[in-house]
Every structure is written in C-alpha cells, then in structure tokens.
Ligand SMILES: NC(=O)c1ccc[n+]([C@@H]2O[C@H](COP(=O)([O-])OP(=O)(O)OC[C@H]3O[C@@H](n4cnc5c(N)ncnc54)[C@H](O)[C@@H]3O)[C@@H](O)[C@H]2O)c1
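Heads up, the chain below is alone and in the form predicted on its own; it's given as structure tokens.
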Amino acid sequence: MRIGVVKEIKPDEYRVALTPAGARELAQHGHEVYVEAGAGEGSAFPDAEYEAVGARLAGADDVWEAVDLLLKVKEPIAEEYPRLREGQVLFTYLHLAADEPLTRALMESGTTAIAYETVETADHQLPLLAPMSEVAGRLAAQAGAHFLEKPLGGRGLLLGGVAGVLPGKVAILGGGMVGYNSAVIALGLGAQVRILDKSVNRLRQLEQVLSGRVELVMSSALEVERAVLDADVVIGAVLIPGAKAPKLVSAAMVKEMKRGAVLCDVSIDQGGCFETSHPTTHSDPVYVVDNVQHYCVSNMPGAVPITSTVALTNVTLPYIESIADVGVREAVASHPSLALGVNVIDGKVTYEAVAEAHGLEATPLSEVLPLEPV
C-alpha cells in the first residue's frame, strides 16, 4: 500500500504523524512510504532520516494525490478540504463533534475518516488518545503554574509555596488519563490537589495509585462549584469519547473565581468544558475573562513535538500496519477497536456521538463495511 505523511499546517503544530523508525517498519512490510519534504523537521526528524529508511520525499500535492492511506496528527483545516478525496483513508485526530464544517467536508469528499481518539478497546481504553492525554495533562499543570505568575497576568502565587507559606490549590475536573497526569505534576510542584470524578471506582483507583496525597471528590454541580471557587488553578480534563465536552463551569462561576486564577481547558478539542472557553494557540495561549486567565490551546502536545511524535507513533503503528497489510475493510472487520475509530465513510457518519452533535443521521458501520472477518 502507498502510505503518506504530510506536514502539519495548523498554527504552531510541530508534530509529525510518523517517525523514521515507523517508516522503516512499514517499508519492511513492503509498503511505499511518501513523506512531504520538511514534515519531520519540527520534531527533529530531518528529511535525510526518512530517505535513509527508504521513504520517498515529495511535495504536499504529490503526497495527497499518490497515497491510499494518509497519516496526519491534527484534523485537516479548511485549506486542506479540497485535497480530501474518495478512495483515500485518512487516519488522524479528528474531534468531529466540535467541528461541523470538517464533518461535512469529509462526507462530501467520500474519504474514509478514522479518528485516533475514538479507537476504543473492549475494556473501554482509548489507546491512541492515551499518550497525548498524558502529555497534555502534564503540560496543563505546568501551564497553570506558569500563568499564575504576576507579570503574566496571574495571581502572583507560587503554586508549590515555600516554608511557612501555604501552597496553591489545583482543582482537576475529571480523573481519567489527563486528570491523573495533571495531578502527578501538580503534586510534584508541591500544590494542594483536588480531583473530581463521577466514577466511584475511578476515585478508588486514584486513591491507590496516588497514595492518598490528593483530595478525591465525587463530582456534582455543587462540588464542582465549590472546587472551582476555591482553586487557584482549574484543569478541565473531561472526556466523553467522540462527543462534545459537557459545560461544567458556567460564565457566572468564572466571574466569582479568584482574581488572577488560571483555567486550563484540556477538553477544548471537544468544545471545552468551561462556558467561557474558546481555542487558543501556542503563540497566543491565554486570554482573560472576568480577571481569570484562560489557557485553551487546542494542540497542547504540539509544544513538545519530539516527545509527542515518538509517543504517538508507538501506539498508532500497529493499527497503521494492519490497515496497510490487509486494507481498511479487512482491518476494520478484524479489529473491533479500529472499527470504533471509523467516523465517516462513503459520505455517511458512522459514529453516533458525531452525528448527534450536528443533527445528522448516524449510519451503522455494519451497513457500510462487513464487521465479520473475511
């Protein structure tokens, strides 16, 4: 199969969808790998490293036109919509529930769109989202500490405090992969940490792995409000796979928060969990609403592309190899987890949460592709 990797053109995105090591593995399986010239430079992978493992360098137009399977990190942006075409498989993060224009562009193009973030195993793990959630969670705690500094518009509080001075308070909404990793870094910085989650079982797990060093609270509207108003940093770490994030923090609550507090909305790719959130970039990461700093960068792991690119390739490569070796039809039929990654195919939305977000009719994947191994 012809597999292509293009350079990310979303602002401040430095990741690339495949490392040279991954390209070598695919080449050894007999596949042709096309890499857009310069695609890996932001992640410290020069063109020569791809050429050395047998990949072919080409321009963006040539890659989009030549390949059967196109690998990206972020969703296509508007200027890339005309390049979407029938007969091609797009494998990337899509977050379609928060992006109706892209959803409709994929439907109109006939592209088969498989989203990293909705690939889900039988035990409800999200293997392709997990490494980026780890990165984003750790970055969120760092960002919260950073933007608390007075010259940056924050309260002027050292998150970890010092001897004789109380540390700052961090409230984390959601105890999944993002929330756990946020807590690890916030604890390392010396903060007082509270995690809210709706699952008692998850809270019990966190109690064990974090050794009782955090406050663990069953999430409710009242407890969220209490935690948010008491916190110096609030990290939104809520995820409903493939669906829009619920708005847990209202504009009225933001107005009552501490002056100079920081909100970090890691859920922004799925629409954000704060009513006052809108996407920002690494070049212009924060804005202020009612004296509260909002950090809502929509591609947080792009700030550390070397770490992120290697971590991403580690988990996506087995799925890429499966699609390349047997084709998307057999790969999806043989791997139920990959089948859940299919969001759009043959002009139809097959992921129910995406269809619901945009008032569209969801078509069962079984009506478009066979779900029994052939």
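What you see is a predicted model, and the numbers here were worked out from it, not measured in a lab. Throughout, we count residues from 1 along the sequence that is shown.
Unshown form predicted in complex with this ligand; subsequent notes refer to it.
With a 4.5 Å cutoff on heavy atoms, P82 does not count as touching this ligand in the predicted complex; it lies far away. For the chain shown alone, R202 is a contact residue for this ligand in the predicted complex, at least one non-hydrogen atom being within 4.5 angstroms. When this ligand is considered in the predicted complex, P301 lines it closely, a heavy atom lying within 4.5 Å. Among heavy atoms of L90, none comes within 4.5 Å of this ligand in the predicted complex. The stretch among 259-267, 69-77, 163-171, 100-108 whose residues place heavy atoms within 4.5 Å of this ligand in the predicted complex is 259-267. The listed set V292, V238, A115, V228 contains one residue whose heavy atoms approach this ligand in the predicted complex to within 4.5 Å, identified as V238. The contact residue chosen from Q142, S219, T276, Q192 relative to this ligand in the predicted complex is S219, the criterion being a non-hydrogen atom within 4.5 angstroms. Here the marked residues A136, V178 and L196 all reach this ligand in the predicted complex, each with a heavy atom within 4.5 angstroms. Contact residues in stretch 142-171 (any heavy atom within 4.5 Å of this ligand, taken in the predicted complex) are absent; none meets the cut-off.
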